[in-house]
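Starting off, we have a lone chain in the form predicted alone, written out as C-alpha cells.
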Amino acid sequence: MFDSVLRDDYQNILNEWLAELQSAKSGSDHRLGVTELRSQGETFLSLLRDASKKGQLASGQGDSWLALQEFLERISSSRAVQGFTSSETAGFVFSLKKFLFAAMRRTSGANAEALAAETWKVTELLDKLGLLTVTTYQKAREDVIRRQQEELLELSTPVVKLWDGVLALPMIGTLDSARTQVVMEALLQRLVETESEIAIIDITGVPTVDTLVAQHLLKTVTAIRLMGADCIISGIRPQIAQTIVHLGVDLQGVTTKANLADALSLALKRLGLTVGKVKQ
C-alpha cells in the first residue's frame, strides 16, 4: 500500500506537504527561503519514492537508500549551522506523516487491518529517518561549538609585540592543558616570526594558580628557552606568591615580576636599552 501510494498519489502528497511546510514557516524567519524549503521537500519525497520503488526502505541498503541518508545528513548539518533546533530539524521529516497517512486511508478503503499494518511500517521508517536527522544535527552542533571554542582560545591568547625583541602574552582566565598547547604554539610561532629574544607571560588575569597551572607555565617557559629566547613571568600577586610557596612549586631559575611594567623594564635592560623622560 505504501509503495503504491507514493507512486500513484505522489503529486498530491507533495503539494499538501509543501503547503504545510510553507504555512508553518514564520514570515520573519529568514534562515531558510521558500524556494530552498520547496527544493528540499521535493528532493526528500523523490528520494523516498525511489528507495521505495527499489524495495530498499525495508532493508536499509542500496544506492537509493544511501542517497536518501546522505541528503538528510546534508540538510541536518546545514540547519545546525543556520541556527535551527533539533526538534525543528526532525520536524521536517515527521511532518510528512500526516499526508502519507491521509493518502493511505484514501487508498485502503475499509481494510482497517492493512491500513494499521502499513501505518506502523511507515511510522517506523519516518521515525528512523527523523532520528538520523537529530543524530547528524547533534554532531554538526558539536563541531560548531568545538570550532568556536578553538577560536575563543586563540582570541584569548593574543601575542603582543611590546618592543623590538620583546613579546608579551597576557593570560586571562583558567590555564588548562588545551589552552597551554594553544599558548605555546602561538607564542613560539611569533618568536620565530619576529626573531624576539624575550617573552613576557603576564598572569595578572589568571584568577588562581594551583599545581597544574604552575606546571603548565613551566612547560611554556621550557619551550621558550628551547627556542633560544628568555622568559619573564609577570603578574605575581601576593596571593599567588603565597600559593606557589605553599604548593612547593619550584620556580627557581624563572624570572618573575609583580607587574607587566616591571617585566618590560627588565626586558629592555637585558637588551641593553633604557627608557627615560625627554628633557624639556
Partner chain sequence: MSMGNVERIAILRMGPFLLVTIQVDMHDQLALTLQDDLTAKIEKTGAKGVLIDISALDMVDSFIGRMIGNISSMSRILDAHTVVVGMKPAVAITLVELGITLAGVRTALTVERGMNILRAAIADQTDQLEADDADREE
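Residue numbers count along the first chain shown, from 1. Remember, predicted model here, so these are calculated numbers, not experimental data. Between two forms, the rigid core is the largest collection of C-alphas that superpose within 1.5 Å.
Below, we refer to the form predicted together with its partner chain, which is not included among the displayed structures.
Candidate site formed by Glu185, Gln189 and Glu195: every one of these residues places a non-hydrogen atom within 4.5 angstroms of its partner chain in the model of the complex.
Its partner chain in the model of the complex comes within 4.5 Å of no heavy atom belonging to Ile233. Not displayed here, its partner chain is kept clear of Gly253 by more than 4.5 Å at the level of heavy atoms in the model of the complex. The closest heavy atom approach of Ala223 to its partner chain in the model of the complex falls within 4.5 Å.
Heavy atoms of Lys53 never reach within 4.5 Å of its partner chain in the model of the complex, leaving it off the interface. For the options Val34, Leu66, Leu247, Met227, the one in contact with its partner chain in the model of the complex, meaning a heavy atom within 4.5 Å, is Met227. Residues with any non-hydrogen atom within 4.5 angstroms of its partner chain in the model of the complex fall in just one of 237-245, 56-64, 39-47, 215-223: 215-223. In the core-superposed comparison between this form and the one not shown, Gln181 has its Cα shifted by at least 2 Å. Taking the rigid core as fixed, one finds a CA shift for Leu45 smaller than 2 Å between this form and the one not shown. The two forms, fitted on the rigid core, differ between this form and the one not shown by less than 2 Å at the CA of Ala58.
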